[in-house]
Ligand code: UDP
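What follows is a single chain, given as structure tokens, in the form predicted on its own.
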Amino acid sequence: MEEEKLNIAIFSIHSCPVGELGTKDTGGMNVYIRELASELGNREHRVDIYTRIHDPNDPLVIHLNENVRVVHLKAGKNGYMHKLAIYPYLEDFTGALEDFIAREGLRYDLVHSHYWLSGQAGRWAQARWDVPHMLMFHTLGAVKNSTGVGEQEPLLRIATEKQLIADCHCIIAATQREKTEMMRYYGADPEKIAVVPCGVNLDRFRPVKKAYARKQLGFDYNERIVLYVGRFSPLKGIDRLLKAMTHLRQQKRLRLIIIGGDGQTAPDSIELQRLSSELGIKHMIRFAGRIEQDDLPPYYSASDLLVVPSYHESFGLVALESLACGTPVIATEVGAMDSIICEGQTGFIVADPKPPALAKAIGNFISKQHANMESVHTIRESVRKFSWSYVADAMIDEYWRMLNYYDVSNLRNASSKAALL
């Protein structure tokens, strides 16, 4: 029997899935939502992604494919707002949402929220529409605070996350590590948490011949190139990657390419450039700025390795992208690195994340001391199981599991009420 097609409402309030990647608050979560929704649409499920207006020039509705739309709704001022500043405007968002679905005559089978702010809207929809609510946090406030890096997350966020974990019907964790963290910091019910990994677009991220990629990008073929891709958030650990580079000055023709940020004049970019000058490694660093996803494969392929120096990751999508392009990864022990990287074959995990140890791992790799690294083709094949098609199949299974549980629970509640009458 053909699978019934679902009508799904996805909430991503603080960050738009069609926003510019690598900028503030726009990263792996945006890729995740866009790719997952597109795969669901390819299977003829109907998906509406609701986000706040981030650019006054954006249309109300953007179609990602025949079955998937991004809908922009008013919540506070247009343009960038700090995430916490959006919180008081969530009621405005749900009001605009109610008006939109009334005009369109819409009905949803379930709500899938992303991040704690969206979870608040999801809890409203759960009660208002009488549908099950699935939640994926992507990052957790208590876990971020435990790293001691960057600004501390407020008690409002921690308390809200704890309440959402208690109230929603299903939680998606990207890794077993994240599931364990929810149980440890929030007392989450393990039966409510499903582990579904993130994915990679294997059509977009594929190997390019290194010589061609370097020529295309204007890189010297004889250079040894280390790559960083991501936001310039303190949690991403770019500071310790730069400090690691100070231990590699003796390496000839070594270059670090840094991709991401809000532009050369943004405060975080200026700070990283200042740090590289202060450390005396400015000649080894190239800030490439923000690069569109479609243009990233040549950078991955031109590089000898990608480094993920993060203090914390909920998953680590860039590692998948790099491996899909056949480029090895050196990473700290965060997110899904232990399931993504085949130690000694497709990369290395650095147990000691301090700059000297990170530098040693990079230096050993660059010096060709590890001759067991697999071929470009084999490295790519190692992440084929992380295709978005696989992720979508797993997520659909979780949707139906949640829906069936929700229906059974409602029948039980109805039977209990009838017995009391």
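All values derive from a computational prediction rather than experimental measurement. Note that residue numbering begins at 1 and tracks the sequence as displayed.
Below, we turn to the form predicted together with ligand UDP, even though it does not appear here.
Task: One residue of 119, 237, 260, 326 in contact with ligand UDP, assessed in the predicted complex (non-hydrogen atom, 4.5 angstroms) - done: Here the answer is residue option 260.
TODO: Heavy atom within 4.5 Å of ligand UDP in the predicted complex: which of 176, 147, 152, 293 fits that? Just give me the one.
DONE: By the 4.5 Å criterion, the partner-contacting residue is 293.
Open item on the list: Using a 4.5 angstroms cut-off on non-hydrogen atoms, would residue 29 count as touching ligand UDP in the predicted complex?
Closed with: Residue-level check for residue 29: yes, a contact with ligand UDP.
Open item on the list: residue 321 versus ligand UDP, in the predicted complex: is there a non-hydrogen atom within 4.5 Å?
Closed with: Yes.
Task: Contact flag, residue 316 vs ligand UDP in the predicted complex, heavy atom cut 4.5 Å - done: Yes, residue 316 is a contact residue.
TODO: Spell out, yes or no, whether the shortest heavy atom distance between residue 231 and ligand UDP in the predicted complex is within 4.5 Å.
DONE: Yes - in the predicted complex, heavy atoms of residue 231 and ligand UDP come within 4.5 Å of each other.
Task: Per-stretch contact check against ligand UDP in the predicted complex, the hit in 161-169, 308-316, 339-347, 241-249 (non-hydrogen atom, 4.5 angstroms) - done: Single hit among the candidates: 308-316.
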